[in-house]
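Encoded as structure tokens, the following chain is the form predicted on its own, with no partner shown.
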């Protein structure tokens, strides 16, 4: 199935029609998943199961410990087997195809490949694509899709979508949060979300090792370009010493970005195989970190983007910070 114009969005009706004949469906999202990726995956999988589909929900990293509070979290598993056949594949919250990771290695690619996402840098790799970069979260797009499908929003689906939207909007704080986002949140609460319990699980429950990571970040933070950029680095030796997991990194960068005078923050994480994961955040729309990450093969959103770069962590940091400094210097 190849649309005549892959730059155009498929309609929800077209996606529904494509799914109708499918008996087996795989739902997956990007490696190193966040709350939006996993919440959207579980919600979509629950709906598919409710209409009689045989569903697998995969992520290269499986279900992360920190998101086990999500209802039906055990639906998400690491890829199993090889050459598995599915009638349809739904990729959620994934801007480039290779970020699906080992999920791609485990399947025989189906004809019906559907790509639903909100990243402006999405490469439109599906046979059917629905990309809405104005949406603050893929979870909000999934909600609109399920509404259009006439789906019953169960309490479990509602909680997963609420978590997806809340975590990807910084608890409804980021600039792309709209009036519609609050309307969707209200409908999800009416469908059965226990806001207090869910919020406590999302924001007030963390392992002690994450506090140790935050202590390390605050001790190691460096400021550049007259205090407009803050960054910190995490080597593999640091990881071993602190005993942290990759999922513990999420949100640490926000502490750096929150410093008065800082416009952009960057986190450099040393990976195996001579790679460095770069995570960047901006709080000024004039400083487009997606543009900077794009220089190094990455992408995301204007105010939140990432990349994976080859080289030593000091070398990568120097290259990236120079490019970011050029971007920041344009508004000085």
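Residue numbers count along the first chain shown, from 1. Here the structure is a predicted model, which means the values were calculated and not measured.
The following text describes the form predicted together with a small molecule, which does not appear among the structures shown.
Novice: Would you kindly say which of 264, 305, 48, 26 lies with a heavy atom within 4.5 Å of the small molecule in the predicted complex?
Specialist: By the 4.5 Å heavy-atom cutoff, the listed residue in contact is 305.
Novice: Among 51-59, 280-288, 38-46, 65-73, mark the stretch whose residues have heavy atoms within 4.5 Å of the small molecule in the predicted complex.
Specialist: Checking each option against the 4.5 Å cut-off leaves 280-288.
Novice: Spell out, yes or no, whether the shortest heavy atom distance between residue 169 and the small molecule in the predicted complex is within 4.5 Å.
Specialist: Close contact is absent here: in the predicted complex, residue 169 is far from the small molecule, nothing within 4.5 Å, heavy atoms only.
Novice: Answer for residue 95 alone: is it within 4.5 Å of the small molecule in the predicted complex, judged on heavy atom distances?
Specialist: Residue 95: yes, in contact with the small molecule in the predicted complex.
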